[in-house]
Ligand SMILES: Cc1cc2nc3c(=O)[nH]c(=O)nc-3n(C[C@H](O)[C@H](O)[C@H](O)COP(=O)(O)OP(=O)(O)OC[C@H]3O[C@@H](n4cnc5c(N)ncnc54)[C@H](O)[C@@H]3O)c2cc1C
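Consider the single chain below, provided in structure tokens and representing the form predicted on its own.
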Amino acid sequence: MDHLPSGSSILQNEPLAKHTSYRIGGPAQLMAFPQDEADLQFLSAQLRNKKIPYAILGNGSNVLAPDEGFPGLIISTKELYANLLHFSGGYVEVGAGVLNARLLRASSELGLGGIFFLSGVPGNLGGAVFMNAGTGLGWIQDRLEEVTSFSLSTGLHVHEKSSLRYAYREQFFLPEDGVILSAKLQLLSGDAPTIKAELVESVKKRKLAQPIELPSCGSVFRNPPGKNAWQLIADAGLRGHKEGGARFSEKHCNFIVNEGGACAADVASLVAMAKREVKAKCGVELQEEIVMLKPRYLE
């Protein structure tokens, strides 16, 4: 298994640290970058026939990869329909591999907005749809009209708007082995210079509030109902606390940053510490937003 039908190479012993925003992770035994549905069909047959463990990885912006690496196939969605960006009548069809920043730039050039909440959100469209990216000012589910996905066990699926069931930072319409291929979004017409100015201002605010100068996965924990996870972590006395090369950021302590040489064990230790201390001192059970990369098998 050296190449996909598209011609894309399947890499061996590829360091996951090169493919996660944390810059953490040992080598994946195999790593593929499918470009389309045909590539995914090929990979699903290989997984089933050869009983290879697998995991699906987007742009790696909310993932903690294990120090020991991954004993199987990593399916990266970075190149999945990465050139699909088609505007028509106030709608846009976007491939899973298209970066959020690219979508925002292209939309603003055409005077189309309504997705400013993606400003500063790292990663690609597939990850944004999967995690229901957004803030209290708006969520991607508000703009979605249709999502196309590929199940490694059952094939192509088209999810209409009425079936797109979401909650905070999670979705309920994809099967466990589902891979998002593309999405159709409804945008809002506006004045191009105003939209661009709003995006610039949003990025400025994020730079002031978040430690984006260091590798991280963004917010580590979900905000509990009516509370801010960062405030709970601060109240538990963990702001600035360090473990190995990882530290709770002093600027925004729901971020665990890699100050250099951090390993997955360092981050995992801080995650466990926060859950334990916040529960003990604040009486709140924190729930992770960060995703631990774990192997699965295709039946």
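Remember, predicted model here, so these are calculated numbers, not experimental data. All residue numbers refer to positions in the sequence shown, first residue = 1.
Absent from the display: the form predicted together with the named molecule. The rest refers to it.
Undergrad: Do T77 and the named molecule come within 4.5 Å of each other in the predicted complex, heavy atoms counted?
TA: Answer yes; at least one heavy atom of T77 falls within 4.5 Å of the named molecule in the predicted complex.
Undergrad: Considering only heavy atoms, tell me if P34 and the named molecule come within 4.5 Å of each other in the predicted complex.
TA: Because no heavy atom of P34 falls inside 4.5 Å of the named molecule in the predicted complex, the answer is no.
Undergrad: Although the named molecule is absent from this view, report whether R222 comes within 4.5 Å of it in the predicted complex, heavy atoms only.
TA: The answer is no: R222 has no heavy atom within 4.5 Å of the named molecule.
Undergrad: With the cut-off set at 4.5 Å between non-hydrogen atoms, does G190 touch the named molecule in the predicted complex?
TA: No.
Undergrad: Pick from 194 to 202, 128 to 136, 84 to 92, 104 to 112: which stretch has a heavy atom within 4.5 Å of the named molecule in the predicted complex?
TA: Every other range fails; the passing one is 128 to 136.
Undergrad: By the heavy atom within 4.5 Å rule, which residue out of L57, A246, L232, L47 makes contact with the named molecule in the predicted complex?
TA: Of the candidates L57, A246, L232, L47, L57 is the one lying within 4.5 Å of the named molecule in the predicted complex.
Undergrad: Give a yes or no on whether each residue among G26, L73 and G155 has a heavy atom within 4.5 Å of the named molecule in the predicted complex.
TA: Not a single listed residue reaches the named molecule in the predicted complex, so no.
Undergrad: Between 111 to 129 and the named molecule in the predicted complex, list the residues on our side with a heavy atom within 4.5 Å.
TA: Those in contact are G120, V121, P122, G123, N124, G126, G127, A128.
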